[in-house]
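In structure tokens, one chain follows: the form predicted on its own.
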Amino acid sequence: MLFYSFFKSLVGKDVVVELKNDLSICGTLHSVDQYLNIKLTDISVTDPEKYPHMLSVKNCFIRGSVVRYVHWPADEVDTQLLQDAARKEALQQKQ
């Protein structure tokens, strides 16, 4: 649940989602669910020459199992809060 909560805090921010098929999609994070499925709005691809069919797409839904990485600006992340939450979750799992 830690990752789900973290991604929920990024809703409305610009992210880059890199898929397992090497397609990278830039867009605004609209929503995320417990399976880490992602909905992006105002999307663009990082390599339009390789994926010209994606130029007409404005919004997309990405299944969580095909995501390789999600990139976001470093200043958007409160690392101290994330570390504290990870420690709390690890302690709860030990009990």
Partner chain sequence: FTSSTGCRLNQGSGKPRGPLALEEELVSASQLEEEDLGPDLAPDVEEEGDDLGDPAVQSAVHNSQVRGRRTCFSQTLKFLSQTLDHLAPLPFRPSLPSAGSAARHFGPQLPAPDPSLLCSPPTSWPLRLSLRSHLTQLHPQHQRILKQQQQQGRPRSPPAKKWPQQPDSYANLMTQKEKDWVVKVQMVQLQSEKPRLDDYYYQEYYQKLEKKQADEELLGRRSRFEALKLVTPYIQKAEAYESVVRIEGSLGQVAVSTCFTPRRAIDAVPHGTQEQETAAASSQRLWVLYRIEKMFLQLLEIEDGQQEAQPRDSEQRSSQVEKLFQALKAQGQNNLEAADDGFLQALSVGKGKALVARLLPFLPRDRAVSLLLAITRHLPFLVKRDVADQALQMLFQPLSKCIRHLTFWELLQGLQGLMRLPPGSSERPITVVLQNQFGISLLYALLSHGEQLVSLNSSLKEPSSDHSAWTDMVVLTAWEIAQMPTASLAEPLAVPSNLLPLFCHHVDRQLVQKLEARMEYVTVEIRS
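Given the structure is predicted, the values throughout are model-derived calculations rather than measurements. Numbering follows the first chain given and starts at 1.
What comes next is about the form predicted in complex with the partner chain, which is not displayed.
Peer 1: Do Arg68 and the partner chain come within 4.5 Å of each other in the predicted bound form, heavy atoms counted?
Peer 2: Heavy-atom contact with the partner chain at 4.5 Å: present for Arg68.
Peer 1: How about His53: is it within 4.5 Å of the partner chain in the predicted bound form, going by heavy atoms?
Peer 2: It does: once the partner chain is placed as it appears in the predicted bound form, His53 has a heavy atom within 4.5 Å of it.
Peer 1: Is there a non-hydrogen atom of Asp75 within 4.5 angstroms of a non-hydrogen atom of the partner chain in the predicted bound form?
Peer 2: No, no contact at 4.5 Å.
Peer 1: With the partner left out here, check for me: in the predicted bound form, does some heavy atom of Lys88 sit within 4.5 Å of the partner chain?
Peer 2: Close contact exists here: in the predicted bound form, Lys88 approaches the partner chain to within 4.5 Å, heavy atoms only.
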